[in-house]
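Coming up are structure 1 and structure 2: the same protein chain in two forms, each one given alone as structure tokens.
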Structure 1
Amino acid sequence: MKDHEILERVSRGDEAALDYLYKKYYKMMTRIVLNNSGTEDEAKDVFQDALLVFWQKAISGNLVLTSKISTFIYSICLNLWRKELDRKSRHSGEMIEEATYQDIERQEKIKIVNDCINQLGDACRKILTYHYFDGLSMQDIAEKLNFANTDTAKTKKYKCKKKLDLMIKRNYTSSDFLD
């Protein structure tokens, strides 16, 4: 079929002509999406949407072709895929904003804990920092702070942790720490 025959049949509502276009241009049109970071399903959706746009314009009588039908449908597919990529990039930006927000929240929680640790006094600050932030073993902490043995370091860490918990509970609400 020639383009003018197809257009005439589509504008009369002939679905067989639309089916002909679908079969004839499917591979060429879906390649646009597949070659530009799209999936097979996305390619199918874009092509079907493009054919729908073509169908609606043809039936409305507002379609004046200045190029081949394949070129016209190709440009529709291209524009639809660009819009979809823009939508995806905006959505991706929203996800990055959420991750940034979570990171800021985490940093605020760490700051609260650090501020409280610094108010505990030198020995507690060192024990808790060595254990929780530097990852030192109780043996290493005992040696660094000249404690008699590991048990002494464990007991002091336990008492310091209790003081820290009380200070945080007294000065902050659970909503400061719970999501």
Structure 2
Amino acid sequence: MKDHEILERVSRGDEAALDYLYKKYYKMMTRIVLNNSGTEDEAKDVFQDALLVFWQKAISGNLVLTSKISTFIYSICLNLWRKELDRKSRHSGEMIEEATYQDIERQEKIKIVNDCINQLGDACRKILTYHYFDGLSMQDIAEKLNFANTDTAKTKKYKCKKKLDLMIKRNYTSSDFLD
């Protein structure tokens, strides 16, 4: 598959193109980490994160490739692993700070939100994640989820978001979200 073909498929949110890139470049990209004192798990994490950065950029339509896709992903991997090594070296001599009350409260809030997301129906979850993470347009969401048209996708997205807000509000009063 040629680079422009991959880019075109990714921009439509075709996850099979992501699978293709993952298989094709796994060894090449994980070697960056493995050859620089990283483990296989760390290598895999870095490559997956890099691939998702590429995915988001490509879907948004703002990505103008001036090099091969492999070069682009390679440079992301390299940057991510440098950041990780830097983070490791900074934290290696420090004591792990005890979690503050605010941290615990935030974690609890996130857990509630995640539970609510999991309780949403499959279609609602897909519409919202495609919209907020992938940045897919309503037209692409409509095509991907076989909706009649863009307006249907818009209405469904609005309703799903309202539903999620309500579910979360039921679990927390508004004062819980402010310090």
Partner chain sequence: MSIRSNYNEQIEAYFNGEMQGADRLVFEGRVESDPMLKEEFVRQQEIVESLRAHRVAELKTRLNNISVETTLIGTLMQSAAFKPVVYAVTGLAVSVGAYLYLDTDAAIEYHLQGLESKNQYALETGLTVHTAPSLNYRYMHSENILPVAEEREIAKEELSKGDVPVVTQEIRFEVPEVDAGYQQDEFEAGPVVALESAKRIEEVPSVSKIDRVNIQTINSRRYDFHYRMEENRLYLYGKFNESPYEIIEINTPGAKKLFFYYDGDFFTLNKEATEITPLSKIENRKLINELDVIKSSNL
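Each form is matched to the other, and the largest set of C-alpha atoms that superpose within 1.5 Å is called the rigid core. Please note that residue numbering is based on structure 1, beginning with 1 at the start of its sequence. Here the structure is a predicted model, which means the values were calculated and not measured.
- Here the chain appears twice, and structure 1 is the form predicted alone.
- K24: CA moves less than 2 Å between structure 1 and structure 2 after rigid-core fitting.
- When the rigid core is held fixed, the Cα atom of E84 travels less than 2 angstroms between structure 1 and structure 2.
- After superposition on the rigid core, the Cα of C160 moves by 2 Å or more between structure 1 and structure 2.
- Once the rigid core is matched between structure 1 and structure 2, the CA atom of D122 is found 82.9 Å away.
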